[in-house]
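The chain below stands alone and is given as structure tokens, in the form predicted alone.
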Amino acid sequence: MKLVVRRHPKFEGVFWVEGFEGLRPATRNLVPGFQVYGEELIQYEGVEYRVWNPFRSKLAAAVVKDVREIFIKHGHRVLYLGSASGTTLSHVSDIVGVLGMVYGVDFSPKVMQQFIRSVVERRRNVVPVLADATKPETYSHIVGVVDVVYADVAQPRQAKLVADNCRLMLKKGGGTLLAVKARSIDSVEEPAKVVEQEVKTLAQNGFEILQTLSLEPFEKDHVMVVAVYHG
């Protein structure tokens, strides 16, 4: 089957790669010739795309499962909580492009070193922030106001953490994506009840919940919460 790349019908900067392996999401490579996590690079009509693996990225899983909104667009400023080694964040960097900026927050010095080597050194639109995401007041002066907050943090009280960050840095009407890791919050309680409580916390802190989307089979006991912040 001939390889075809076409734009995603809903999300700016996201593409579908159609070929013998089926339909796969991708982003246009901001740094042609370079991989971040061993992803497949595809040339199509003079443009290089990076295949976005939904088994390696919760945001890609959400896209494959027809998430209602991702909010992230060209030129946007994004606060990314839990950047880790930069797998998903690198695709966010592709989407926002040279006019956008992604602030990657992580508290692990070892992981941050890897993140800087694999992502930051080659991408001028990524700023590494070595900090504890539960203490946004320690880095809000670096980040400023953002259009979108994305959170993928393996900590208890994930929704509270997100609300605190949004209060300081997310513009009113800005988008929020929270990948709720139910087992990181409570290893005993039913995941559905854990997610329900996190959603309730967001609603109590000025968020309008648009969708709660299960990420199975790509991620077990994970749900992507899609919300708009009204403050």
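Note that this is a predicted model, so its numbers are computed, not measured. One rule holds for the numbers: they count along the sequence shown, beginning at 1.
From this point on, the text means the form predicted together with a small molecule, which you will not see here.
- Ala154 is the sole member of Val98, Val145, Ile142, Ala154 with a non-hydrogen atom lying within 4.5 angstroms of the small molecule in the predicted complex.
- In the predicted complex, Gly82 approaches the small molecule with a heavy atom inside 4.5 Å.
- A residue is said to contact a partner when one of its heavy atoms sits within 4.5 Å of a partner heavy atom; Phe71 fails this definition for the small molecule in the predicted complex, lying far away.
- Contact check for Asp132: a non-hydrogen atom falls within 4.5 Å of the small molecule in the predicted complex.
- Although the partner is absent here, Thr138 sits far enough away that none of its heavy atoms falls within 4.5 Å of the small molecule in the predicted complex.
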